[in-house]
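A single chain, nothing else alongside it, follows as structure tokens in the form predicted alone.
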């Protein structure tokens, strides 16, 4: 087929080709691989006025039926050949891997691992929803009310739809919205510019599995259009940097997914055995190319900071770019070259402030920013900082990066700040109790557990059931 794939806007499941289209390009060669229709805020606003059609379509199913559809969608997403746009193109699972790799910079092996996470979430939806709802009988959602645990229960939806302003950094972030379909909530998705593929493929997988097309809206749009999605759906998720998060910090209808500033701590009782934990720390820093919000970006230890930084630098510092199809690939390329330049400059500027060393410099065998086969990559960076006041402490970048700093155990919690995922190597009961009580850690791992380990029924950020459904008081007189 000679024509390029065209990804249409989906207006409540119906294809729409716009005159305004953007080109999606290979991150190495610049070759155009597809065109994507875009729409303005006016069309988004017009369509969202009728978004209730999606919920009506989902309400024809029980939650149990939608969980079965989700499981089928998981199989289609992983292995199926699905439509790729509206020009007759189709896409197998492997073709999805290769196309996403070409435009995002993620090597095949990382895309496949992200696919596996999404597949797991879809095929274990009952387990996930049981965890999120604490064992609710979902026929109560179907009927609107019911009896469980000796109590009359009733729930009502909090939103017309779930709005999603998605990023381009990692496909697995799409797993966060997957429970919404089983929870009878349509989705309105603004995809990431370099990553239109995953949400589109997921929508096609759901439709192939029997979900109503009206439950899915897909709007490649601009900043104003994104604002309409966030404002009009009733509930929304947004991904972005610290400045983006600040704009919506006081809006409970918008769930924020920004920098994680995830951390690794070693207590006094375990520090003498620090060598035993280098592998799990290195994995926390570098898995998924360092692009996840739960990648560790700071290591706090009471002793041996310089030695630990050096050991980590030896472990991951030699990572170098490899071909996208190499199963040993550890680094992801940058589709946005300005972002690579920005990160590299930020780190170099930080190193101008005394008190920090780029320990990986002697193990990298080249500059941090590297070109390979036409692509741009950032090699790992391990910083040893003398103090938590250094500007390179508590920073997070879209590459394997971490700052190792020495802090007395008694002062660690004063200095970690907000932490999405924290792994603490300690058996000290008093320290563990302090960690349990610390309100700025969202997900806590005790022991040698990677910050990258997730449990779908214990989300590290937000509870989708409680976000989309609210319990109401109910009393029946007869």
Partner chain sequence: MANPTPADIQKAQEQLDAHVREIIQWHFSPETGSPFWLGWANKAGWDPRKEITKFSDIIAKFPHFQDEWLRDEQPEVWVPAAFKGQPFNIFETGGTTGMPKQRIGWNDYKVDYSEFSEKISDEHFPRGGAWLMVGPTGPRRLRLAIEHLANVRGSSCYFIDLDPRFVKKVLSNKQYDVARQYMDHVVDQAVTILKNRKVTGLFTTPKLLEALAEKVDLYEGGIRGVFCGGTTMAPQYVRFIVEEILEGRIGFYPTYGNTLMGLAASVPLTPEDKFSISYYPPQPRAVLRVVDPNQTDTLKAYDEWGRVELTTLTKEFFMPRFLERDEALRKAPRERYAWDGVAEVRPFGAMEKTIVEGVY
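Predicted model, so just to flag it, every value in this text is computed and none were measured. Residue numbers count along the first chain shown, from 1.
What comes next is about the form predicted together with its partner chain, which does not appear here.
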Among the candidates 326, 341, 224, 279, the residue which, in the model of the complex, approaches its partner chain to within 4.5 Å (heavy atoms): 224
With the partner removed from view, which of 61-69, 441-449, 28-36, 41-49 is the stretch that lies within 4.5 Å of its partner chain in the model of the complex, judged by heavy atom distances? 41-49
Taking any heavy atom pair closer than or equal to 4.5 Å as contact, tell me whether residue 463 reaches its partner chain in the model of the complex. no
Even though its partner chain is not shown here, does residue 23 get within 4.5 Å of it in the model of the complex, heavy atoms only? no
